[in-house]
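Below you will find one chain, with nothing else, as structure tokens; this is the form predicted alone, and questions on how it binds or moves follow later.
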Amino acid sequence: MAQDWRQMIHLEPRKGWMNDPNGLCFFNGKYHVYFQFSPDSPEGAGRKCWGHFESSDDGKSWEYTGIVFEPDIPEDRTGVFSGCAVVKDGTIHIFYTGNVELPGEYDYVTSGREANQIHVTTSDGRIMGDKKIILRNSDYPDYCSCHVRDPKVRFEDGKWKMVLGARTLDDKGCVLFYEADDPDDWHYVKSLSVDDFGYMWECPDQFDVEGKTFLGISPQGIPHEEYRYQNVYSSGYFRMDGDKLYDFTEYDHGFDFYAPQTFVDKHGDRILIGWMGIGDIPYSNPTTELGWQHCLTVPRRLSLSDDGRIRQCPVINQELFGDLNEAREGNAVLTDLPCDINAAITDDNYKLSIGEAKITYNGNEIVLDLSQGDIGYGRTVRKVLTGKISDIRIIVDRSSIEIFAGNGSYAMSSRFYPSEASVKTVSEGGGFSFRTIRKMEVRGFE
């Protein structure tokens, strides 16, 4: 049933197209989630704006406050692109890219495009101040193409610090580093890149987890492999040692994950939210015909495994969980969606069917198969090499599935479209426990 595809525990628009999460922050007792938004079209056509959700009860309920940015000045007239937020001295400082595509015969890579970085402040998260242009094309290194975007800013050691994603004129992805004493007056510091690793690095994010520094990027143009880089575009992180980038690791191996951003919550934990979607996909989402497309992932708390790998643990308000139930191996149970499924892996051959979605583990890899029936809308199979693991946790909503394995060391996020709001779930090679999750309230939509 089409109406059952509305998500219950994921933020999504009432109409139009949602993509990158932006401006994530905790400010004055509320969580703020901004997002890139095309309100006029579920295919992403028309105005490129920012929408805004806020929550004062740790995500149990949210309020959509409307569009906070739209393309209304010459420097962002083709689109309000992605950016970030920094909370400082009782103010939210927002930074984003104003995209301008000039009319004419241009390739919009080497010419014809302006990438303007813009700074705005707000004292309440809703009403925005004036847009100030802080960087233009002339402020980037001369080896850069016109593709420079997605500022991620932090205030550290008495200085403002920014990373920007970029594409060079010889089609090499890189990250540009800038610093400032004043958030309206920046200077270039350096650029970091890795040989033969894509033509564009989007959505950079330099952050720390448990004292270790990482650089997250969403690289475009990496050749696909059986277990890595399976999607059109990838998202992952480098470990950083000074200016050395090494051990790139993907955040997520599912069909629908891109452009993640991190922030620090009120407890001081590092939280990640991603876009549960990707551009230029060879599969589809049936909600497009109903007027909306895409959602965000559930928030994920980041920590480190013993080998330094980032672990992701879903963060859902505990008041939304129902009672815990147990299911024995081979016993089919009807699970209402959304739900939280947990399996303790004691056998090298574990299989779990959630309706027509199939998840298998063979002692070395997890395979997500959405090719059965019509639930995948073109999605087929995704894999991740895990080695030995002892747990799999799955968050299933009305039209999404998020898998966390190995204590969160591996993740797979995908949209899928079951025909009913309750699905038959059965396992082989061991049982599982499950809890229903109540719908979070979302106010503010017409």
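Note that the structure is a prediction, hence the values are computed from the model and not measured. Just count from 1 along the sequence shown to find any residue number.
Absent from the display: the form predicted together with ligand FRU. The rest refers to it.
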Do residue 259 and ligand FRU share at least one heavy atom pair within 4.5 Å in the predicted bound form? yes
Ligand FRU contact in the predicted bound form: residue 399, any heavy atom under 4.5 Å: no
Even though the partner isn't displayed, in the predicted bound form is residue 427 close enough to ligand FRU, meaning a heavy atom within 4.5 Å? no
Quick one: is residue 12 in contact with ligand FRU in the predicted bound form, heavy atoms, 4.5 Å cut-off? no
Partner contact check in the predicted bound form: of 324-332, 145-153, 358-366, 281-289, the stretch with a heavy atom within 4.5 Å of ligand FRU is 145-153
Each of 252, 294 and 414 within 4.5 Å of ligand FRU in the predicted bound form, by any heavy atom, yes or no? no
Just one of 202, 340, 76, 205 has a heavy atom within 4.5 Å of ligand FRU in the predicted bound form. Which one? 202
At a 4.5 angstroms cut-off on non-hydrogen atoms, which residues of 14-30 are near ligand FRU in the predicted bound form? List them in order. 19, 20
